[in-house]
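Below you will find one chain, with nothing else, as structure tokens; this is the form predicted alone, and questions on how it binds or moves follow later.
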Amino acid sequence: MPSTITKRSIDMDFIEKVGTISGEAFKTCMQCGTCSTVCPMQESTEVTPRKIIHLAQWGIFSTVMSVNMAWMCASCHTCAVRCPRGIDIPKVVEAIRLLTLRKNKNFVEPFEIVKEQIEEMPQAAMVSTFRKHTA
């Protein structure tokens, strides 16, 4: 998943929106990697928390939107507690997820779920999943 950074690939509007929605100064991240070492979801994601912040800092929305980090983040705040810069990384990831949903890109397609699975799933879990993972 290599990304080439050019003037055309940098989306300044995306950088501004992530900062506004999250309320975090994520550009101050020094890329120490502490967030990635403590992330319990790291093995389930295509990129680490450090990498998603790095991509967001550079405004590479197309790559950010194509990886599953924003969907798989457990919002456990372990990374935020350990961040030496005090960045609330789950807030940044949530902002990325919201911006992706605004592009009508679902992580879970409700109509693709098999009927038998729906009958076995708790309704509260389904509702919370749809709220988090669908536009």
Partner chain sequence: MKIGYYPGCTLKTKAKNLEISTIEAMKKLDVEMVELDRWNCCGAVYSLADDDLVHLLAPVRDLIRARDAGLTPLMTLCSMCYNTLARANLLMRNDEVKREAINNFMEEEENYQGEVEVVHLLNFLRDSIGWDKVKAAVENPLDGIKLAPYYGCTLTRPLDVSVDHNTYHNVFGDMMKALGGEVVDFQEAETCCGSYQVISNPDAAEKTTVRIIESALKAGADALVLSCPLCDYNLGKKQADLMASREGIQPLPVVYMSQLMALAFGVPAEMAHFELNPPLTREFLEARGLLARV
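Because the structure is predicted, anything quoted here is derived from the model rather than measured. Residue numbers count along the first chain shown, from 1. Heads up, when I say rigid core I mean the largest set of C-alphas that superpose within 1.5 Å between the two forms.
Just so it is clear, the following notes concern the form predicted in complex with the partner chain, a form of the same protein that is not shown.
Asker: Can you say which of 88-96, 46-54, 59-67, 25-33 gets within 4.5 Å of the partner chain in the model of the complex, counting heavy atoms only?
Answerer: Comparing against the partner chain in the model of the complex, the contact stretch is 88-96.
Asker: Just checking whether T100 would be counted as a contact of the partner chain in the model of the complex - the rule being heavy atoms within 4.5 angstroms.
Answerer: T100 lies outside the contact set for the partner chain.
Asker: Considering only heavy atoms, tell me if M12 and the partner chain come within 4.5 Å of each other in the model of the complex.
Answerer: M12: no, not in contact with the partner chain in the model of the complex.
Asker: Is K105 close enough to the partner chain in the model of the complex to count, meaning some heavy atom within 4.5 Å?
Answerer: K105: no, not in contact with the partner chain in the model of the complex.
Asker: Against the partner chain in the model of the complex, would M41 count as a contact residue? Criterion: heavy atoms within 4.5 Å.
Answerer: Looking in the model of the complex, residue contacts with the partner chain include M41, since a heavy atom lies within 4.5 Å.
Asker: Just give me the residues of 110-127, first to last, that have a heavy atom within 4.5 Å of the partner chain in the model of the complex.
Answerer: Those in contact are I113, Q117, E119, E120, M121, P122, Q123, A124, A125, M126, V127.
Asker: Core superposed first: is there a CA shift of 2 Å or greater at V38 between the shown form and the other one?
Answerer: V38 C-alpha, core-superposed: shift of less than 2 Å.
Asker: Compare the position of the CA of L98 between the shown form and the other one after a rigid core fit and state whether the shift reaches 2 Å.
Answerer: L98: C-alpha displaced by less than 2 Å between the shown form and the other one.
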